[in-house]
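The chain below stands alone and is given in structure tokens; this is the form predicted on its own.
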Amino acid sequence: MPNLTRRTLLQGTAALGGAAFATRVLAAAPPAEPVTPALIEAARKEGKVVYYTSIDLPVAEKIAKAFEAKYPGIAVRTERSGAERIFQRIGQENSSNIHACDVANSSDAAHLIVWKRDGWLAPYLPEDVAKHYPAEHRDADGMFASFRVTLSVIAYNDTLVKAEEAPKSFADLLEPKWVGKIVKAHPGYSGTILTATYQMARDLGWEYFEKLARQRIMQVQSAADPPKKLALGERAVMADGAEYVVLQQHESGKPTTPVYAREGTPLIVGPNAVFKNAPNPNAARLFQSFCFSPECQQLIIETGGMRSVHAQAKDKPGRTPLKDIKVMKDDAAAVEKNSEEIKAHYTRIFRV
């Protein structure tokens, strides 16, 4: 199938008819849903849940195993790819009337706006989301909520770069000493990097990227890739990438250290949603509730290196608390509106 942009996806759903558009706005948010014995039994009868996610695979697998341990008899099939690839895949499947995904997580919150607009999501409000999540991190109609919050950070290999010589800002990456020593990910593949690119272009200007492109950048795909290149010593510094992978590596003894830029660090919100035509609807709801439970949220913090907005979640000692980090402002609606322009502009600058 051809690659589908947000624009062609929206045109395609309009051509299928107006029914999807008629259900976009609900009269009120659904009631909070507790996990009940009846839901667990119904989910066990279905026997599996299919999870599309852009989370790095080892973390996604830990989430799946924790769920399977808590609810024996329900298997999690994890389909991991870059957020932009997941968006294309779900669009292609729905355009072909294929409904394979139960629950999706994306590091590009703009995707959830499109899926909701197209009428593809099911209203479902886990009890934990209703009780413990800030209003700005849950959809007013109960269609999705912020499963994870991450950052796109600068980082360096601390065997190749001394701490006092490491970059402290995005401006520092433009210094001549970093020519041929920087790795970064691509907004055409990664939702994290698409969102980060939007925030940086807004706050620093596209001129910054034009200067960065002259630094002979190693270009990779996923936001999880730059930290791995650092750990291998293939590059000394990364210009962007998933903080949670850097933290995992750093805490396991690998030579990667995060840097929170003076200008502000891009903030990435990664929502979860249940699909209206989920093949395993009860298992989907149970899995969604599990994802937002204190148990799972603490897991993604402790072993995944991620951030949580669950009121009962606790930071892992030794990490810089989110409240102490200067962050750039997230704006999913603007990313959704400008997505294709951002990717095209980036491609012209970096010629990739």
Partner chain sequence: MTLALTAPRRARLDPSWPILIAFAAILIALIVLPMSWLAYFSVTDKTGALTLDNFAKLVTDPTFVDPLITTVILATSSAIICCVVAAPMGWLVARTDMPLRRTIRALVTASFVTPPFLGAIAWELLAAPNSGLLNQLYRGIIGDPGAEPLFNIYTLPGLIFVISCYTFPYVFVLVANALDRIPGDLEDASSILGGRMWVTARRVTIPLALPAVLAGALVAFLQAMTLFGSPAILALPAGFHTMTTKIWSLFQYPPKPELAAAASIPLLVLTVLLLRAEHMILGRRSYAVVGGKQSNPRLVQLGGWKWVALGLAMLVLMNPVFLPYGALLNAAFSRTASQFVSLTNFTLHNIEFVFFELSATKLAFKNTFILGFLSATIGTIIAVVISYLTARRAIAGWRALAFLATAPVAVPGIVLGVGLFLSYTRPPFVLYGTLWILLIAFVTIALPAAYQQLQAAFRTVSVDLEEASRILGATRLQALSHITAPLLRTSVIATWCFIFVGVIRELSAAIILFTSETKVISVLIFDLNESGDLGAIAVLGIIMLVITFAVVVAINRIPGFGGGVRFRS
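Positions refer to the first chain, counted from 1. What you are looking at is a predicted structure, and each value in this text was computed from that prediction instead of being measured.
Only in words, not in the display: the form predicted in complex with its partner chain, which the text now covers.
- Shown alone, this chain has one stretch from 166 to 174, 95 to 103, 121 to 129, 134 to 142 that lies within 4.5 Å of its partner chain in the predicted bound form by heavy atoms: 95 to 103.
- At a distance threshold of 4.5 angstroms between non-hydrogen atoms, residue 28 is out of contact with its partner chain in the predicted bound form.
- The closest heavy atom approach of residue 65 to its partner chain in the predicted bound form falls within 4.5 Å.
- Its partner chain in the predicted bound form is not approached by residue 296, whose heavy atoms all lie more than 4.5 angstroms from it.
- A residue is said to contact a partner when one of its heavy atoms sits within 4.5 Å of a partner heavy atom; residue 178 fails this definition for its partner chain in the predicted bound form, lying far away.
- This chain appears without its partner; in the predicted bound form, the one residue of 146, 199, 88, 215 with a heavy atom within 4.5 Å of its partner chain is 88.
- Scanning 233 to 265 for heavy atoms within 4.5 Å of its partner chain in the predicted bound form gives 233, 234, 235, 252, 254 in sequence order.
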